[in-house]
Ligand code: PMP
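Before any questions on how it binds or moves, here is one chain, the form predicted alone, in structure tokens.
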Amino acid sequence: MTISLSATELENLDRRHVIHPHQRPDRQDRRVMVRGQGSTVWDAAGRDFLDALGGGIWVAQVGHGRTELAEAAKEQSLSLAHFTTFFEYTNDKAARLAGRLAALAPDHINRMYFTNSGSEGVDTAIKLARLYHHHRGESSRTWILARHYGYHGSSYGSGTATGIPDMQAAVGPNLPNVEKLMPPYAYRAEFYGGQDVTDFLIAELTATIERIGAENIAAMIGEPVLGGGGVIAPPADYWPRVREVLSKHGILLIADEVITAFGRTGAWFDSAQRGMQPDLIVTAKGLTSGYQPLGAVLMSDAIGETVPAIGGSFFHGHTYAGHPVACAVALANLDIIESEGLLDRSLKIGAGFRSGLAAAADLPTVGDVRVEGATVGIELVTDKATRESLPPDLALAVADELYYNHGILTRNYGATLVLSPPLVFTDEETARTSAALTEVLARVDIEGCRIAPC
């Protein structure tokens, strides 16, 4: 029997027992969510909020409260709740989902390994890249190229590849042989010394390969669009030119599509439309819209056939890999994305934000507004001319103001506010979010380091 607890009791229980990712010790409040429907969620006190964050963390593509997904989980649980995919075992839903993903992926991507999260997926991809070269007689290829501002997870390998220093702080030696490159961050022209962004980065990549030695590099990993870095899209020629350099030197390319895949930017896989031609694609989040923890590492036939065949087996594994309930939910989720046209809807949401945030772009504290499908980054500055970043605490105050006084969930990554709403976000919800953002940003008091009262 479930005992009913008040909002205060739930908050106190959480404070006593739960450690939260990124929870600051000076912020002791708890936001206990208990219900969701569409793009709205309710907390334990009964307050409703417009979820402009997709479950708070870039998921919920099909929105909250989808009966179809709950029914898929129930039906599969009653049929077969779990059985391993180790050795020669599998289950029907894992096999069906693998086939479905292969049909949606680029033509050369036909093999996959199921995970429970993006972090597991990145660790798996790094291992696969190294094993692939090892089994082909190039055991020296162990280096991984990553990028500053990139976010690839928080486990040992993925956390090292992440280009945010706090992820590697004070945990001892990190994964060796990981090199960070500059990101394609066109708004920060000062990073490139007046050069064309892509020209600068290709020169840096080439010099890095020469310094480390191509024969020592296994792969480069990158998000098609930098998500946690602030929704930063590269110039159109960036990924095709990166791919050309990597191919010339036999270096694999890992596309981290944990955020971008399954419609977030208006395509099944964003890497395809960016010209990445990746050898491996890491997915999670939108694969089930957050209804089940599930990810998948998709790989080329060359990798999928080389690693287990020459190595004897892929000596790797997670207990819940290919979990039948999670795979059943993923299949139902992909059906909804397809049948409801949510890839196109993502682009329409983006168009709505471009229009709705046009006035905000002119405000003195707004340096750049970046929209990629149903994903938005609003970079805040103290001065438009110098592009000095707004203090992160003041950007956090903007998010707090939207939460407490507008009932809208947003998030700041440093000085950048991000939006990643469900792909069922309506025109009215897009307009409401844009208007609220514009209203709050107009009240940012830089000198007072506060949000001025209404």
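The first residue of the sequence shown is number 1, and the count goes up from there. Note that this is a predicted model, so its numbers are computed, not measured.
We do not show the form predicted in complex with the named molecule, though everything after this point is about it.
Novice: If I take 3+ ligand atoms inside 2.4 Å of backbone or C-beta atoms as the clash criterion, is the pocket here open or blocked once the named molecule is superimposed from its pose in the predicted bound form?
Specialist: Output flag = open.
Novice: In the predicted bound form, which of 325 to 333, 136 to 144, 103 to 111, 254 to 262 comes within 4.5 Å of the named molecule (heavy atoms)?
Specialist: That would be 254 to 262.
Novice: Test of understanding: in the predicted bound form, would W268 fall inside 4.5 Å of the named molecule by heavy atoms?
Specialist: W268: no contact with the named molecule in the predicted bound form.
Novice: Even though the partner isn't displayed, in the predicted bound form is T198 close enough to the named molecule, meaning a heavy atom within 4.5 Å?
Specialist: T198 lies outside the contact set for the named molecule.
Novice: With heavy atoms only and a cut-off of 4.5 Å, decide whether S119 touches the named molecule in the predicted bound form.
Specialist: Answer yes; at least one heavy atom of S119 falls within 4.5 Å of the named molecule in the predicted bound form.
Novice: Even though the named molecule is not shown here, does G352 get within 4.5 Å of it in the predicted bound form, heavy atoms only?
Specialist: Contact with the named molecule, no.
Novice: Considering the named molecule in the predicted bound form, which of Y185, Y238, Y151, Y291 comes within 4.5 Å of it through any heavy atom?
Specialist: Of the listed residues, the single hit is Y151.
Novice: Output the sequence-ordered list of residues from 429 to 453 with at least one heavy atom within 4.5 Å of the named molecule in the predicted bound form.
Specialist: Nothing in the stretch sits within 4.5 Å of the partner.
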